[in-house]
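Only one chain is shown below, in structure tokens, and it's the form predicted alone.
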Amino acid sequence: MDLSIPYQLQNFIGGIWAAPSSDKYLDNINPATGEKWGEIPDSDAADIEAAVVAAKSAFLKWSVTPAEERFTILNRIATLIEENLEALALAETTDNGKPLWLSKRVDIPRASANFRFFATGIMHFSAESHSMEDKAINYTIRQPVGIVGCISPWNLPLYLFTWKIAPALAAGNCVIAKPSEVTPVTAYLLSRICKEAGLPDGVLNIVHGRGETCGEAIVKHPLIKAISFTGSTRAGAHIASVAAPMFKKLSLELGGKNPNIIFADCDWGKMMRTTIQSSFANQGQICLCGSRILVEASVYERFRKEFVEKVKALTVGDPLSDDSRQGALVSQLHFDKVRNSIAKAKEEGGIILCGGNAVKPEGRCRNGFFIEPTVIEGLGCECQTNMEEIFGPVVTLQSFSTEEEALQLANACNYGLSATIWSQDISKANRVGAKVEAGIIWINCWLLRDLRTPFGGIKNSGVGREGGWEALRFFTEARNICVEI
């Protein structure tokens, strides 16, 4: 199929690609070169209203479409994503700045897996029944919510976009989805794939634009009954303040400042390899990255020396090069934010062990948004650097002497998304894991995800759970029916 990318993207509403009602567009910048490579719609409330009209019309039929038919269409979408891996990966790398090999290996296959999993899952999504002995039988039916809003971030553009859309569609809802205006292209290409796969018109509507206009209109619209959002805690708090009084269902997957707890009795080689990955994958622009590394005091010096040596060896460069381990940050705005965060760490007394500088690769990427992976030590828990999410290639090092001190450091932050624990003493690892204040705990691994399990954080990292049966439950409403015998 044709997945060529037009210079000027269009919204996908009611099965038709259309210009924004305002006829206004935003620049789309390639972060690796700093150059404009296209334009995207600057949509507003009028475009969301058009999408709602299309979704409302489509919902009547899609909500009662047999699960087998929904499975067939969603499974076809998964297959088309697989068949077009090269084109989608190149588009994502150009849009996002991450290494091309990473898009090919992780992001695009995960997007296909999302559709495949929920296409299959809806075939096995069961209800419950309860017998009241000789009085009555109660049974629960789950029905689609209706029109739902899915708002996704820029760091994993297609992966997280499909993670929201796939369960919503599988459950029989119609979707109005807004990708990040910073990384819109794979969402546009997904609309072409869905059309090719035979998804009925109006079931999925993709509207491009800024959060404060397009996203706000989604959150405020009275006919959009549920909001699934991944992004910053600040934006999530605003969405909750608008949506909660309207009694909308909310799933908010927000920021993280995740601890990586390393005990002396760990599998050292595996720990070191994985810690490099969990610190700097996707330039640290993953909400699950371990940005606070806590190391047992007896091995702290050994860890610091080896870790810094390996971080210095990471190649920062053109995302299209197979040799690049670190690509570009996603935008000039985010580049400036990360640079300011590093400067703030210095003001707070942090010692830069390596990195911290802008990088100017030769050739086409000389004006791109590149920063060296950065390691900082000497900062306490109360410092802004250890309290606020930087969302870039920046980690801090701290040491601890006891389990209690490790937990105190790990739980000192207001975020609670994930944590990683390294120890060959599985009893100790489980004991610590049960006390770490986070929604996702990895022991002796990182980013090992089973789509059947719920995903989400606590504290300032959000509310609700995505993934697995939790996602299908979120996008449905339970109704109990009691039949007297």
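Note that residue numbering begins at 1 and tracks the sequence as displayed. Quick caveat: nothing in here was measured; it's all calculated off a predicted structure.
The form predicted together with nicotinamide-adenine-dinucleotide exists for this protein as well; it is not shown, and the discussion that follows is about that form.
Contact check at 4.5 Å (heavy atoms) against nicotinamide-adenine-dinucleotide in the predicted complex: all three of Trp154, Gly215 and Phe455 pass. With nicotinamide-adenine-dinucleotide omitted here, the record of contacts in the predicted complex names 253 to 261 of 131 to 139, 271 to 279, 362 to 370, 253 to 261, defined by a heavy atom within 4.5 Å.
Contact annotation: of the candidates Tyr188, Phe335, Phe307, Phe391, the single residue with a non-hydrogen atom within 4.5 angstroms of nicotinamide-adenine-dinucleotide in the predicted complex is Phe391.
Contact with nicotinamide-adenine-dinucleotide in the predicted complex, defined as a heavy atom within 4.5 Å, holds for exactly one of Asp107, Glu296, Asp318, Glu181, namely Glu181. Contact check for Arg210: a non-hydrogen atom falls within 4.5 Å of nicotinamide-adenine-dinucleotide in the predicted complex.
Among residues of the shown chain, His238 is one whose heavy atoms approach nicotinamide-adenine-dinucleotide to within 4.5 Å in the predicted complex.
The closest heavy atom approach of Cys194 to nicotinamide-adenine-dinucleotide in the predicted complex falls outside 4.5 Å. Contact check for Phe118: every heavy atom lies farther than 4.5 Å from nicotinamide-adenine-dinucleotide in the predicted complex.
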